[in-house]
Every structure is written in structure tokens, then in C-alpha cells.
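The chain that follows stands alone, in the form predicted on its own, written as C-alpha cells.
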Amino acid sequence: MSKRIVIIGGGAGGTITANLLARNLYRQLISGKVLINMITDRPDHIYQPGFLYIPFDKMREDEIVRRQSDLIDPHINLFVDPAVKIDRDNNVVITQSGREFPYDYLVIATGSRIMPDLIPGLREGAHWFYDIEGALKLRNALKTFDGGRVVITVGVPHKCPVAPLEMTFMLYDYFKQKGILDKTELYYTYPINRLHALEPVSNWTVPVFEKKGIKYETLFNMEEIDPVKKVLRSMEGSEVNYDLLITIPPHKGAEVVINSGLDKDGWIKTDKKTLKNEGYNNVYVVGDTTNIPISKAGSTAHFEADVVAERLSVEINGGDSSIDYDGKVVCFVETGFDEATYVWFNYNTPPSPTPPSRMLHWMKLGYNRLYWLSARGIL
């Protein structure tokens, strides 16, 4: 009887895991000894880091979208049929159409989603760039903006932790190129008592902000937005007026995780080394879906996918893998339109931002083009 692998989620983590498994288990796949089913809620695959560039006309929306069927190995069975229930005790996933997918091994890579409606007034009074629609709307707003106070504020939790900083730096260069920097105030808020969750990144950011004249306020957690008066209020009692408000909406995990009773916010309890769902030896978790206290980012999902694919391949072949995830995360951080910095860290090594350079900026742009090779499990 075939060993059945079910992968829920067609984002970076799920797609890379699936393609690596198909490569590692190629003989078993073509002989029918292994079956890989991928369940996803959409036919397209979106390169989410590309959202950052759309508001500045640095990327087009069609550059960051591919058909999922073109990205996965042809031996993987793709079902565009959203999962609605995960039954770990009976080893089955049920989809929206009512179809049941029994499994011997399950990989949950359902990602995270923005929740703008958790903040009253955010949808009506603010912009964001964490989906295509929001990025396009922000692009249009920037084109007509002719000066005033631009506030960048961050909800928690959220994925891609450096993106708020990148947006702020790129806005600075955008307004400079547009010739309205002298008429524009950039005001950045952050929910804890520093400018970034990673202290070395925060320490690096402070002098850069001060050199550029970017104002900031810490310990600022969004509570509500008054879109008529254009006022942002925090839970701490602070009020900030704005002419243009750019937010990172708070995130939650996928509905199927919440509705299946796995976690009320959608983050699954995950062993930080083996990446197995705690209490379930045949269930792995990849990417944003984990509750591991590290960055929810594309590189995190990629490195986790490498580990899960290797562990699963060994297990299916009757072995006991010793490969563990070490918490590795890698981020290129845009510091404007023509320079970037770079950070990497893991469970034992803190990040240490490098001096910004044009070379690192071009490396990030290069990876934006090479991502599709990563998704296919080649790079």
C-alpha cells in the first residue's frame, strides 16, 4: 500500500517541501509506493516579498504570480479545494467540496493572513502592502500624495518583520526623488520599547533614522483609527495625526487551523528542532503556521522545508533522521532604492546587520527573480 503524504498549503513552505519530497522519493513516486497530494485554496502562487515593490512601480503584479500547477513536480497531485478540517486523530483532511484525504504523513503549511478588521477604522482609514490589492491601492495613493505626515505603524503579530523598516526607507527615497521630502514628515511607530523586535536590528536602525530625520515612537500598539479626523490612537493612550497612514495589519493563522481546534489564533504547537506538531509524530508544520518564536518569513519557511523534506524522506525509507532545524533565518533588508543590508541568525547566533551597499541591494533584486527556482526545489 502507498505511503500517503498530504501537504496543506501552496505557499513557499508547502511548495518547496513538496518538490523536495518529489525529488528525494522519485523512484517511490513513479512506482506508486508513495503518493503526494497537495491541497491549496487558490490556483496561483504569489511571491509575497514582491508586494513591497509594487507601490513604487519597482515590480508589476504579474511578475510575482505563477500558476501553482507550473511550479510543482508533475508527480504531485494538486487539488485546488480549500481544506476545512484537519483531523489528526483519524489521519484525514477534509476539503470544502467534502472530499476526504487520508494520510500517513501530514505537512501543514497554511501560512498566515492579514486581519485589518481587528483594528477599528483600519480598513477605511489606512493603507497596507501585504497583499496585491493593498499594494496597488497604496501605489495610487502615493502618486497623488503631495506632502504631509506619513505614519507607518505595525500590528502584532505579523510576518516579514523587516518589511516595515524597508517600507520606511523606500518611502524616504521615493519622496526625495519626487521632490517633496522637504514637505513630508515620516513618522514610524512600533509596539515594543525599541524600533524592531530584534535588538541588534533596532540598535542599527536608530542612528539611520536620526540621520534621515525620520521621527519615531515606541510602545505604540494600534487600538483604533478615526478615518474622518485622520487620527491614529494607541492602547497606551497616544494619538497621532496623519495625512497618509501605512499599516502592517495584525495577522492570524489559517481558518482551517482555528476551526479544527488546533489553536485559537492559527499557530500550531511545533517542536522547534524536529518541526513536528507536538504530540503527533506523523504531522509536520512549516513556515508561518508554527508557533516557534522566530521570524515569520520566506527564508524561514525555506529552511524549514529543507528539514521537513529530509526528515520525511528518511522516515518513509525506514530510517530515523537526525536532521534538525537550527532556527536559521536570512533577510536582505532594503535601506532605500539602491542599497540594502543583510542579516542572518539562528537559535544560537544573534543578527548583526552589515553596512548597506549597492551589491546587497542587487543581490536582493536578483533573488526576487530567482525565487521561482527556490519554489521548485532547485535553488
Ligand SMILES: Cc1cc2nc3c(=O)[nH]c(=O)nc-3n(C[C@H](O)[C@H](O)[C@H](O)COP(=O)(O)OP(=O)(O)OC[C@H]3O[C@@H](n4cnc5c(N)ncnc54)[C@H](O)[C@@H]3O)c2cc1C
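All residue numbers are counted from 1 along the displayed sequence. No experiment lies behind these values; they were computed from the predicted model shown.
The next section is about a form of this same protein that is not shown, the form predicted together with the named molecule.
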item: Residue stretch of 127-135, 185-193, 237-245, 205-213 approaching the named molecule in the predicted complex, non-hydrogen atom distance within 4.5 Å; value: 127-135
item: Three-residue site I39, A301 and K364 fully in contact with the named molecule in the predicted complex at 4.5 Å by heavy atom; value: yes
item: In the predicted complex, I8 touching the named molecule (heavy atom, 4.5 Å); value: yes
item: Contact label in the predicted complex: P49 to the named molecule, heavy atom within 4.5 Å; value: yes
item: Contact of R139 with the named molecule in the predicted complex (heavy atom, 4.5 Å); value: no
item: Residue contact check: G111 to the named molecule in the predicted complex, 4.5 Å heavy atom; value: yes
item: Listed residue (I119, A297, M170, A197) with a non-hydrogen atom within 4.5 angstroms of the named molecule in the predicted complex; value: A297
item: Option touching the named molecule, based on a heavy atom within 4.5 Å in the predicted complex, out of M222, C160, L275, I72; value: C160
